[in-house]
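Just the one chain here, the form predicted alone, laid out as structure tokens.
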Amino acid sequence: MLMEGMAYFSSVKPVLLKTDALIFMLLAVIIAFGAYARGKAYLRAPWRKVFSSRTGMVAAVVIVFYGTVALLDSIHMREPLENKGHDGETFYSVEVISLLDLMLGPLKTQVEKTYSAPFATHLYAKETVELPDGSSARLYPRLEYGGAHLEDPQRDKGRDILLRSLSGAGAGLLAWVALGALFIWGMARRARASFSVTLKQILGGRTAIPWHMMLYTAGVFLVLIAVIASLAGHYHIFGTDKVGNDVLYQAIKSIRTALVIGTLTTLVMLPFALLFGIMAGYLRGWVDDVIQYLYTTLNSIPGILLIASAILMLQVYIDTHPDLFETDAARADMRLLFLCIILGVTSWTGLCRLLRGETMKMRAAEFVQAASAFGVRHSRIMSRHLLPNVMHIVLITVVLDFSGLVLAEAILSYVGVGVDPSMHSWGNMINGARLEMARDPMVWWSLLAAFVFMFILVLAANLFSDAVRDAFDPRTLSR
């Protein structure tokens, strides 16, 4: 199996989308910042407080699971076609798939005819079916994949779902116990203590970092993943949409879009907010007037209209220059990247105003006045003395804005100016469910799936942001 996997990956053509490169660049920046903060006592202290928060670490585990899915969905490739050229040249499929698509194989390939409810074995609407005796009747046809292994769905479905859920939960528990034991063994070896002593300390919550809460949360996720994996190959857990695609697959694929919007937008927003906010608060005078005029003018423009006009202009450019994009995925990725840029350009003003006020207050501090009296350049004062002392505001604002950006993508896609319609996103799912809710009978599972996945991510981001705010806010530290 290992040799087959190596042979497969050696035959595919790697594809690096623009957002893929930015995601891995952001991951490298986070790792580098972690290494840098580890060597600085003034950065270690607040982060140690974040890591000691139970709710913060539970939320961190959830975010790590979501981030792992996004990273797997950011490794793209194109599969080779069977037909080759006259000179033996290999042609590749125009469809760009990811490593996550390979792992979710049945969810992607098992496409039904049209709507089906969660765990259904028949279509959601009646169709005219020809009977063996030549007559026709209005019936609910059997699904091609959902519950196809059952001889009598009415009799066997409940028992089959229960048994598969129990077997999946058992496999998840075994995986959790094995990984947990390996983790505790590593912690015991690092602390040069026995396995039993380390186990009692971790499970008893007697460690500085609440490892027991993180292990319990990871166990819940592993059990859920194992149960879903056990059922997804035989049932559509969240049903199917109008064209028969699995809704669970769409919800999982939408995770990357949400995280890209929430993280890459920050990369665009931060340089503007940091540069203009610190310059306006420190230099004052005409520089402050110009920057205030700039962000006041930008705030006076309705954000949704600015984003809509920019996205529509980009769409016109994409439609008139199809030769610039080799695949549909590249075209959709360009629109996603441009949406991140527009959101970043329109969302830096709030943080800029906060940094301006904080810099104006710190400008009168003694260490800044002393540096200025010794003839230190303004650029060095801003970068070495002011910037480190406003980073708590930057970090708190960025973490708090993450959930808002995730919700913004859903709203923009709902009104039709978000990501490309061919790209999976929770906003596109909600937009599609808008018309399905008016059907009779009502199709509700697309909206439910998008809501559940979005709710878990936004809740985890908010809980983690609360832990970060409590650790970095100077007023909290003084109390």
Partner chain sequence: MLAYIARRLLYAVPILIGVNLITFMLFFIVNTPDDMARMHLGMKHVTPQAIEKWKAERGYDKPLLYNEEAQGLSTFTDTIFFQKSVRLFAFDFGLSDDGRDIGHDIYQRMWPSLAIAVPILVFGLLTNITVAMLLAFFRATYIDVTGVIMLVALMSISSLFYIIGGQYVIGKLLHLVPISGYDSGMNALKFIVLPVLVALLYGIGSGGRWYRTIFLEEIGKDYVRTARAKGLSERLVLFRHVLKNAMIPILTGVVVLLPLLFMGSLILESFFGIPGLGSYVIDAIQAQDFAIVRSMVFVGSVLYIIGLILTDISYTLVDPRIRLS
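Numbering follows the first chain given and starts at 1. Just so we're clear, the structure is a prediction, and the values are computed from it rather than from any experiment.
The same protein has a further form, the form predicted in complex with the partner chain, not shown here; the description that follows concerns it.
With the partner omitted from this view, the residue of 69, 58, 430, 26 that lies near the partner chain in the predicted bound form is 430 [heavy atom within 4.5 Å]. In terms of contact with the partner chain in the predicted bound form, the residue from 398, 407, 215, 268 that brings a heavy atom within 4.5 Å is 407. Across the proposed site, 300, 437 and 459 without exception bring a heavy atom within 4.5 Å of the partner chain in the predicted bound form. Contact annotation: residue 154 falls outside 4.5 Å of the partner chain in the predicted bound form, judged by heavy atom distances. Though the partner is left out of this view, residue 319 does reach within 4.5 Å of the partner chain in the predicted bound form, counting heavy atoms only. For residue 454, a non-hydrogen atom is located within 4.5 Å of the partner chain in the predicted bound form, even though that partner is not displayed. The partner chain is not shown here, and in the predicted bound form it never comes within 4.5 Å of any heavy atom of residue 136. Partner contacts here mean any heavy atom within 4.5 Å of the partner chain in the predicted bound form, and among 197 to 205, 257 to 265, 115 to 123, 291 to 299 they occur only in 291 to 299.
Along 42 to 57, not one residue places a heavy atom within 4.5 Å of the partner chain in the predicted bound form.
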